[in-house]
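Form predicted alone, single chain, as structure tokens, below.
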Amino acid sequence: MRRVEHIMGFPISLLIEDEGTTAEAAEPAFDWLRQVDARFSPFRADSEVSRLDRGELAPHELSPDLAEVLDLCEEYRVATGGAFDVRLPGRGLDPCAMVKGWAVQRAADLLTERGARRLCLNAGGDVAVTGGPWRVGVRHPERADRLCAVLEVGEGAVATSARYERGDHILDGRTGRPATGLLSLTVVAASLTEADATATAAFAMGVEGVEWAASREGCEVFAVSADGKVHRTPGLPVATTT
């Protein structure tokens, strides 16, 4: 069963390779992702995030889901010394860097709880998989027609933060300026919540973020710095490199 929808500003594709799976099996996951977009988008004036940012909600009035997301944001802010920060001066509250991986991992969990055994959920290039092995390509940071690595993952997630799609869009919260020390950084972890947040946080830190990400329990890292140097951890599940 294959299905693709455009939610949260990027394509989300689902592949379930279990026999007899119908399109209806995917509906709980996509319905959840649509709910997250409506509730947590900083670009929707009526979302819970926007209402909190305008001071219309008190901390005790937050939904458990948003409270969880903000707790995770604070955990990464502290862990990175402020490089990862969803409350930058002069900007509104924007937890998108945490929400994406968290929400997509929850969607994958919904599917496995309902019996899916072999699936790949791809959200704008970040993937959560189960029932592998699955092969996940890592795009070359300077050549769109090439891969610089192919990873083999059975259960878990792969996320990449890079400059090649949206330019210098990731800011170092310590300075408020774009993070430019890396071209791309990929993290393999047990969940997309961890992989995506760690990749974004490490990218915001610059080259020092490679070592920081590698030090986190259960995380493997593949990165290319601005000078073209490749960094990789020994346990990276590489199928092939180019």
Partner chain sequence: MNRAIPALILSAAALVPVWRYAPPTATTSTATAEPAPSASTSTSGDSTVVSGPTIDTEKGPVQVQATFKGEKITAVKMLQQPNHPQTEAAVPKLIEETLEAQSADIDTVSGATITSGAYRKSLQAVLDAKV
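Quick caveat: nothing in here was measured; it's all calculated off a predicted structure. Residue numbers count along the first chain shown, from 1.
Form predicted in complex with its partner chain: not shown, discussed below.
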Problem - Full three-residue contact with its partner chain in the model of the complex, heavy atom 4.5 Å, for His6, Pro11 and Pro141 - result: yes
Handout entry: Answer range among 74 to 82, 88 to 96, 107 to 115, 160 to 168 for contact with its partner chain, defined in the model of the complex as heavy atoms within 4.5 Å
Key = 160 to 168
Practice task
State yes or no: in the model of the complex, is some non-hydrogen atom of Val210 no more than 4.5 angstroms from a non-hydrogen atom of its partner chain?
Solution key: yes
Exercise for the section: Look up in the model of the complex whether Pro234 has a non-hydrogen atom within 4.5 angstroms of its partner chain, and give yes or no. Expected result: yes
Handout entry: its partner chain contact in the model of the complex: Leu52, any heavy atom under 4.5 Å
Key = no
Handout entry: Residue contact check: Val224 to its partner chain in the model of the complex, 4.5 Å heavy atom
Key = yes
Exercise for the section: Pull the contact list for 94 to 108: residues with a heavy atom within 4.5 Å of its partner chain in the model of the complex, in sequence order. Expected result: Lys100
